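Given as structure tokens, the chain that follows is alone and in the form predicted on its own.
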Amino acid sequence: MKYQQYFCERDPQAFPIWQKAVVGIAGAGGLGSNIAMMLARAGIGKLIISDFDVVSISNLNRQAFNLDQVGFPKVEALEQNIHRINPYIELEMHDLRLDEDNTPQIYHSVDIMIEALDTASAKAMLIESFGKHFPKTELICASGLAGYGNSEEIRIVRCGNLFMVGDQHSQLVPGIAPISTRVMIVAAMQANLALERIVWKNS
């Protein structure tokens, strides 16, 4: 299939901007894998994604992986899945745990950054790293996506170049995995916000 055929019926103003954009995603789990798939479908030109984990059975209730990918590194499985739906996207995948040293090296070229990490300490590290090294780059984070229902509580809170998506208060219960519906809502809002901000900054 030719490029023009695949990308038919796209927004004539937004799509060319998205094709030139580079989006960073920290984490390839429930949020990150679904965000990546949505941005690939939208037509983002390049994604830079990092994750150190492997696909497990418990991931399949909310993450963009298949049963036959259990045991594979998440970045490897996600790369395969993205290219199955968009063969024209550029992907830069990093199978590693982010830290203060490698974060600015990996994500130095992004136009916008999306946080999709599991722990509070990892989230804080990413926010601090971008505040220090890339203070002008917008960062879209997530906070509060546990449980089910109460969709009306999920919102976007902005503080300068930091955006927080979620209900801002719900906590995960040990031993109980997040529900795909709430995860997908937050992931979609993060992805949609990224698309919106990319266009806004380039219009």
Partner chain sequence: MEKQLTINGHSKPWKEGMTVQDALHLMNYTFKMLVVKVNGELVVRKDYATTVIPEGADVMVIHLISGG
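Positions refer to the first chain, counted from 1. All values derive from a computational prediction rather than experimental measurement.
Unshown form predicted together with the partner chain; subsequent notes refer to it.
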Find the only residue in I48, M164, M37, V54 having a heavy atom within 4.5 Å of the partner chain in the predicted complex. M164
Contact stretch among 123-131, 89-97, 75-83, 105-113 - heavy atom within 4.5 Å of the partner chain in the predicted complex: 123-131
With heavy atoms only and a cut-off of 4.5 Å, decide whether V157 touches the partner chain in the predicted complex. yes
Is G144 near the partner chain? Define near as a heavy atom within 4.5 Å, in the predicted complex. yes
Closest heavy atom of H169 to the partner chain in the predicted complex, within 4.5 Å or not? yes
Interface membership of G43, the partner chain in the predicted complex, 4.5 Å heavy atom rule: no
Even though the chain is shown alone, can you say which residues of 87-119 have a heavy atom within 4.5 Å of the partner chain in the predicted complex? A116, L117, D118, T119
Kindly indicate if, in the predicted complex, the C-alpha atoms of I176 and I57 are closer or farther apart than in the structure shown, bearing in mind the change is 3 Å or more. farther
I want to verify one pair: I176 and P73. Are their C-alpha atoms nearer or more distant in the predicted complex compared with the form I supplied, knowing the change is 3 Å or more? farther
